[in-house]
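Presented below, as structure tokens, is a lone chain in the form predicted alone.
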């Protein structure tokens, strides 16, 4: 599953290419991937222009001039590939569909624009989806009602992070960070990296974390997210950035996937364990076990 920086780099690429383009047709091969009524497609999608491309947590929102939006979740193997007369852009699962002729057998939805360009939604495993909904109703979806605030929002402070995490005061900090109802978009890579940055062991119970540690965690979390966005996301498993290239964040990671290597801060060998059901990377010296 992509994490927040991966989806944000996809958004940035689409925002550069899609606004102003007018949809002239929409074709899909399965209702599972494109669960929309034909009448809605004809009235609210065809003939509408793209206004902007937004993101909430790990979900993309292609907002249209018809006051409807395409809500897109790429899940594990989804791709969005833009093909224009002079530019091609691929984002998502790194298979040959990013560079091959489209549509192909993984193409679930094809949007054609008035200038002859296309946006292809490819998904090998058919877990992703593209839903057409009134823009005003998007925040009312169950997912958006439950998901936590954006960690990089300008009005999200370390005090907010502290208050959100304390909702799960009796669990360990790694599990709390991974809970999407607490904070949006944080997955395994950035939980490990931010806990290392704040010198907090991942099994530490949230109620035992001090104010200074909450502040350090906020600073570490926002720093690693911003760095990862700047680097185009991580190279972890099956995601690529908005130019169809693997992100380079893991080249700069401090602990994730670095078990057996020295900690870049103190030189102690990084270990891997299992916390909150996930592989977890820790420096035993910088992140001592809580007593």
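Keep in mind it's a predicted model, so treat the numbers as computed, not measured. Residue numbers count along the first chain shown, from 1. Between two forms, the rigid core is the largest collection of C-alphas that superpose within 1.5 Å.
Keep in mind that the form predicted together with the DNA is missing from the display, and what follows is about it.
Of the listed positions (213, 135, 162, 124), a single one reaches within 4.5 angstroms of the DNA by any non-hydrogen atom in the model of the complex, namely 124. Of the residues 83, 99, 114, 76, just one reaches the DNA in the model of the complex with a heavy atom at 4.5 Å or closer; this is 76. This chain is displayed without the DNA, yet in the model of the complex the stretch 67 to 75 from 217 to 225, 151 to 159, 114 to 122, 67 to 75 comes within 4.5 Å of it by heavy atoms. Although the partner is absent here, residue 167 is a contact residue: one of its heavy atoms lies within 4.5 angstroms of the DNA in the model of the complex.
The closest heavy atom approach of residue 44 to the DNA in the model of the complex falls outside 4.5 Å. Taking non-hydrogen atoms only, residue 265 never approaches the DNA to within 4.5 angstroms in the model of the complex.
Using a 4.5 Å cutoff between non-hydrogen atoms, residue 256 counts as a contact of the DNA in the model of the complex. Of all the residues from 40 to 57, none has a non-hydrogen atom no more than 4.5 Å from the DNA in the model of the complex. Here residue 124 counts as shifted, since its C-alpha moves by at least 2 Å between this form and the one not shown after the core is aligned. Positional change of residue 222 between this form and the one not shown stays under 2 Å at the C-alpha, relative to the superposed core. The Cα position of residue 107 differs by 2 Å or more between this form and the one not shown after fitting on the rigid core.
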